[in-house]
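In the block that follows, a single chain appears as structure tokens, in the form predicted alone.
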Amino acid sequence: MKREIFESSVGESYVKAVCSSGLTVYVMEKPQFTSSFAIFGTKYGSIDNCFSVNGEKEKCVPDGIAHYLEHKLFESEDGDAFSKFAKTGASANAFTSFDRTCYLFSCSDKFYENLDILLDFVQKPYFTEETVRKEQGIIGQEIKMYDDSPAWRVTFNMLENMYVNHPVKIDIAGTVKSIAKIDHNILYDCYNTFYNPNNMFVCVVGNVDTETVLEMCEKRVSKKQDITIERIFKEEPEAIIKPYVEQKLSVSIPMFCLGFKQRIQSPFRRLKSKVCINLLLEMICGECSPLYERLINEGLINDEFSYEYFNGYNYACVMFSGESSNPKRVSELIKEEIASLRENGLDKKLFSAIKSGVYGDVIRRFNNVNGLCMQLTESAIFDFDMFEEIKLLKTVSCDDVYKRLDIFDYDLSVLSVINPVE
């Protein structure tokens, strides 16, 4: 078994190992904690709807397959995995996003028994025509629920008008129409493609023994034929579809999501870019910024306001979201602040204070096993050292951050608004 040990300047470390099956395992021991957290994941999300295996003919499958598989894998001929976790006292869950599907649990007792359950059920798909058809109704109701969710719709309305071809614009669960095309044969085909150990990972953080975890993963995860997966995307134009979209739903205050589409130069964004852009967002409208103070004082935003750098395979954008009585005015002020920073530069004292604050937030993450496990998952998906962020925060300069202002192109911005029903 190949392994590496990663150490940080703050006294933390973790092990990355590759089993004979091809599975990559990350373990961070936290003996001072009473709880432990584990994730068994695959690099398979909602955007992976067109692909080629081992250079063979391209396959395109209905939207929502990854999410559908997540639902179905908990079922088996001898009961569902949730009931097994309930008997051990563990808290189990799963989620599907744009680029991953993860199955997880947390517990304070019987960790290895729970890990055995996790490794077992994810490797034993059980799909029949009858059970798949039954699930269509359940997931169809979930899709309709999200269609009525203002917070969900304000974001996806923005993405739908920002991206022309990229599947990141499509709801993670698909549509009622697309899931009606799913059958057990398609599920098995996608499972056998993406649930291959060389496309999967296990992340564990907590009061555990690294050697025991690695030994279990080596013994319990079966090797399959090695495959090469090529994800296929239609060419994405630089342009957006339209700059403004509006919908009416049951809200008391209008909601907004302002996005700036980023021109993609490579499939993944480098970690340094992500660190710099996150610092830049804090400079633009973080709680210590002049703009945030103005927006609050003028009553244009409340504590629901947020911002993020949203990126993945062949997509990237910056999003500002929240509630406001005047979303268009908030959008104007954000753009004015960006223009001012371009012209006048960044306040170096503010930059130093913000960088110190972000560094402190990163260090505090080491007190949360759940959050650390999610961070290791990011390392697994994007293939970087989790501690690299600490190093970058020490060395990144104000000029490094200033250069990232070029990601804001007003011609590539989309404002999505949810207004109250009159």
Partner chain sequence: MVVNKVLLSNGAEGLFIKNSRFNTTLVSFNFYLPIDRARVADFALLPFVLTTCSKRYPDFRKLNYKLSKLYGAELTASCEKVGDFQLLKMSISVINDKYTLDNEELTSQAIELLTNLVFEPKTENGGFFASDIEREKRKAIEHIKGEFAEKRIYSKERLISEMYKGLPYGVPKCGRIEDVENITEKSLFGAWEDMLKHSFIRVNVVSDSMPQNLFDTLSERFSSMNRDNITDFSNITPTTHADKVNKIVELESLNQGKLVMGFSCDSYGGDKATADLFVACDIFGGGPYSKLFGNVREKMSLCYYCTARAVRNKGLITVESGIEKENAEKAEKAILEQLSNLQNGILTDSEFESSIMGLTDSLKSYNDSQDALELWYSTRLFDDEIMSPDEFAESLKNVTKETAVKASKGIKLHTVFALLPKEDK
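Residue numbers count along the first chain shown, from 1. Please read these numbers as outputs of a predicted model, since none were measured by experiment.
The next section is about a form of this same protein that is not shown, the form predicted together with the partner chain.
*Asks:* In the predicted complex, does Ile354 come within 4.5 Å of the partner chain, counting heavy atoms only?
*Replies:* Answer yes; at least one heavy atom of Ile354 falls within 4.5 Å of the partner chain in the predicted complex.
*Asks:* May I ask you to check whether Lys177 falls inside a 4.5 Å heavy atom distance of the partner chain in the predicted complex?
*Replies:* Residue-level check for Lys177: no, no contact with the partner chain.
*Asks:* Quick check on Glu129: any heavy atom within 4.5 Å of the partner chain in the predicted complex?
*Replies:* Judged by the heavy-atom cut-off of 4.5 Å, Glu129 is well away from the partner chain in the predicted complex.
*Asks:* When the contact criterion is heavy atoms within 4.5 Å, does Ser397 count as touching the partner chain in the predicted complex?
*Replies:* Flag for Ser397 set to no.
*Asks:* Between the options Val275, Leu115, Met200, Cys107, which residue brings a heavy atom to within 4.5 Å of the partner chain in the predicted complex?
*Replies:* None of the other options qualify; the answer is Cys107.
*Asks:* Just to be sure I understand the contacts: of Phe51, Phe382, Phe33, Phe387, which is the one whose heavy atoms reach within 4.5 angstroms of the partner chain in the predicted complex?
*Replies:* Only one listed residue qualifies here, and that residue is Phe33.
*Asks:* Quick check for you: of 374-382, 361-369, 56-64, 43-51, which stretch puts a non-hydrogen atom within 4.5 Å of the partner chain in the predicted complex?
*Replies:* So the stretch in question is 361-369.
*Asks:* Each of Ala239, Ala339 and Glu343 having a non-hydrogen atom within 4.5 Å of the partner chain in the predicted complex: is that the case here?
*Replies:* Checking in the predicted complex: none of Ala239, Ala339 and Glu343 is within 4.5 Å of the partner chain.
*Asks:* Determine the residues of 273-294 with a heavy atom within 4.5 Å of the partner chain in the predicted complex and present them in sequence order; the list may be empty.
*Replies:* If the 4.5 Å heavy-atom criterion is applied to the partner chain in the predicted complex, 273-294 yields Glu287, Cys288, Ser289, Pro290, Tyr292, Glu293.
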